[in-house]
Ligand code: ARG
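Below you will find one chain, with nothing else, as structure tokens; this is the form predicted on its own, and questions on how it binds or moves follow later.
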């Protein structure tokens, strides 16, 4: 018994969460981490951050679009997020005549603000612990292998049943969602209000908002003004409504005050946002799988694709506009995978997880519970058994589905064929009109057939080299049978013969539509074959996924019991979280230290007029040379640009507000250093750094550079 007590004490003393580690759920914050936050310097009370009965700081944080965070900074619905989060909106409004990507955009009145159909902003009204309710409903399920405990469809049906249809009807724009946490050991319900009238107010030119582009991505020191400005609109009653000229700026519950006091080394900092996904509860076998399959394939395939894409972008300005967002998205995950593998090796995550597993097995045996060991044996076997299928799935996804755009041509042509075979002229005309709309939805202003053709050739060659021909999509057999293995000729054939190969091809089809042309179209056959292979792989892997989820739930349950829940935060799942830490620099390698603050000096030092990534706008150089920094400068007279902090962030935290000890906005999170991306698996205190654009640089660009200082008049600015 004495040994058991000593063992348990040792386990509790070796809690797995570091001081600055964690993505904490707001309802659990008071009991789990709030004391540590105050010890680190926070001056607020827990109810200032999250108050279920009144407005609090959380009410100024929003989901921007479908994958970023934003923050409300005025009583008139003004919103800040990252430039790269608003990039798609800026791009859609851009043309060769009005190139807002290159030149920037600033609405000098509300009438000039640009609508963005399809974009949304989501507020979190309430967060309720519904664990007992969900588990009570799950207990009614008689299937011992049921996956309802993780099923979004099942859980969201429970959410709607809990609040009732009348509640949703009486609250326009409101949705409810139940999410599983800790592998299905706890559940929370989120009541959300979604606004659909979002207008672009301002964005710096890419030479500021994307300065350093892909070279500096995932890097520190950083000198990027990564921000954009939007405004949320509502109907006259403050309710969500589609775009209308009669809508008015939203009057939000809460907005952030903005601090010009700046940051110093070791200052307290916290961040709220919607981190997308982490893997804190990986086992050692999953770490190896992530390193050897997922990351390795992505690094290789994306490197090939990006080289082909960039070559075409540098040749043609119109292609640069078309593919800049696609290129940035590709390189983002590419560098992430490189950093992830670096961290896995640097800190030997595989061994770290193995030691944790061994500790849990020993703890379980001392408590006469062998379920945790059984769960780990199951997980190990599943990871081993799915290796080949997972490799094929990742190669198909990266090289073909994500890499080759014409995989997404319209393939649902059954109704068109049926209409062409019939005698109803109106039905025929309508189906052809719908097909034409679908085609132009694919071959839109951001698509180049020539670029897609070039990329397809290099990626198909790599895919064919990596995957056994016997398990490739069935249609790929034509490459050997008809083209003697010549992939270049095969791809040229697809574009030459498909109705989707060019606008001319499609126009010729519309002039003389035929059933034969659709049934024998090579791009349709190609795409259908790829999707069939994708579905087959998904089905095969699903048989492993269900067993894994059940075993993983038991494994996580054991860790929670062993460490106690105070030591553990749930993996990120794009729900509202808080992370905290300190403003700090770091040392990436021996005798190499990077400070916490960058300045405009660094922008000028990096300037390279021959490199599109490091061009500095003329106006910015004029302000720099004149030292015209206004009230936004540091005490030493320099202009701050960005700073770094130990806050634990990941994808989805882009655009997150970074706050000081008083809850005032001091910056906008926009990236991590690549040495820290391994924090998705295991926090790295010596290396983990969030990269944050200083709010003083944001205001400086709006005010001094863009001449849009009128926007600052609606903000609460603290000197």
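Positions refer to the first chain, counted from 1. All of these numbers come straight from a predicted model, not from anything done at the bench.
As for the form predicted in complex with arginine (ARG), it is not shown, yet the points below apply to it.
Arginine (ARG) is not shown here, and in the model of the complex it never comes within 4.5 Å of any heavy atom of residue 302. Proximity of residue 328 to arginine (ARG) in the model of the complex falls within the 4.5 Å heavy atom cutoff.
Residue contact check for residue 213: one or more of its heavy atoms lie within 4.5 Å of arginine (ARG) in the model of the complex. The shortest heavy atom separation between residue 223 and arginine (ARG) in the model of the complex exceeds 4.5 Å. By the 4.5 Å heavy atom rule, the three marked residues 218, 332 and 670 all count as contacting arginine (ARG) in the model of the complex. None of 45-53, 28-36, 657-665, 670-678 except one has non-hydrogen atoms within 4.5 angstroms of arginine (ARG) in the model of the complex; the exception is 670-678. The contact with arginine (ARG) in the model of the complex, taken as any heavy atom within 4.5 Å, belongs to 84 out of 552, 84, 596, 231.
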